[in-house]
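In structure tokens, one chain follows: the form predicted on its own.
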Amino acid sequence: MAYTLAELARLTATELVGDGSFEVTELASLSRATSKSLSFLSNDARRAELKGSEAGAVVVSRAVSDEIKRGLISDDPYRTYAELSVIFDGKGIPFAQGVHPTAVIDETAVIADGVSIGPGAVIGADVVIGAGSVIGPNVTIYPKTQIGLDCLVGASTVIGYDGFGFAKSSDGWVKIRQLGGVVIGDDVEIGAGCTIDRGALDDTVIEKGVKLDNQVHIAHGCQIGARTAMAGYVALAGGTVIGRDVTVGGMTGFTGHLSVCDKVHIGANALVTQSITVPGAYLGGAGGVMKAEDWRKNAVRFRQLDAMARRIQVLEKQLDMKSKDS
């Protein structure tokens, strides 16, 4: 598969640098690229890597365009790389070739035209799946689940199983029946091995354009706003409400029944225990999260704790000696 730079510039709405008839046959990282590769530089601060690369052409920002002989100038090189990855992906999305004969689909399920369902998948009663969606192998979708248009669900994900709800009694735990469903909007991608529970009373809702990495857990009754993205191992306890355009780093937990406003970024390995009402970047650990600039200041103090403790011990000894002398 070969494309000229002129073709790629037209397909990605970017500006051509150098010979437009030059052909590239693959996308590659700067370190692995050959003379027939098209690579990209998404971080201008790493422009020194251009000198050591053998890439035949590079996608760059305008700020470093003078440092390449051939390539494409983009307002957002990383986004252009994403667009190019679609162009160079000759095989397409795996298991997007119709309904596999081993899939088990309840007769009451409504499956739109153009839906692909992988081997071993189980689709329950009254499930609705919109056109263009791809359901991976061994996915289980329980009843009362709605999935929108052009969604992608990775292998072994479970959608619509019971949320974790029990009432304690003198005889043990009484199971709370989960009566809600799951509603997933259009253009949602759910990674492999995720679990999305149905609501106890109200539906669990995932809005349009949400992207979930592998092994993300969404508990019962949660709501996730449009275009929000979550990295692997993120876990939301029941009733958590996440706004739109939120990004969450891997292995971050939410304690439940709290809300996060729109346009918040939460770093990895954090524990969110209280609602966030002001947009911005937040970092933290088991003790909760705080504004990123405050966390960085405190992190500097964390590194100084041992030295501070030693100085305190010296001062205490000096005070103790003075008190004895007096």
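Only a predicted model underlies this, so the values are computations on that prediction, with no experimental measurement involved. Residue indices: 1-based, along the sequence shown. Under this definition, the rigid core comprises the largest set of C-alpha atoms superposing within 1.5 Å between the forms.
Separately, the form predicted in complex with a further copy of the same chain exists; it is not shown, and the next lines address it.
- Contact annotation for D186: none of its heavy atoms lies within 4.5 Å of a further copy of the same chain in the predicted complex.
- The shortest heavy atom separation between A292 and a further copy of the same chain in the predicted complex is within 4.5 Å.
- Using a 4.5 angstroms threshold between heavy atoms, C261 stays clear of a further copy of the same chain in the predicted complex.
- Shown alone here, G52 lies farther than 4.5 Å from a further copy of the same chain in the predicted complex, counting heavy atoms only.
- Out of the listed residues G181, G130, G136, G243, G136 is the one that sits within 4.5 Å of a further copy of the same chain in the predicted complex by at least one heavy atom.
- In summary, among the residues I206, L72, L212, I147, the only one with a non-hydrogen atom within 4.5 Å of a further copy of the same chain in the predicted complex is L212.
- For the three residues V153, N269 and A286, a heavy atom within 4.5 Å of a further copy of the same chain turns up in the predicted complex in every case.
- Within 4.5 angstroms of a further copy of the same chain in the predicted complex, the stretch 54-89 places a non-hydrogen atom from each of D76, Y78, R79, Y81, A82, S85, V86, F88, D89, taken in sequence order.
- The Cα position of D294 differs by 2 Å or more between this form and the one not shown after fitting on the rigid core.
- Compared with the form shown, the L271-A309 C-alpha separation decreases in the predicted complex, the change being 3 Å or greater.
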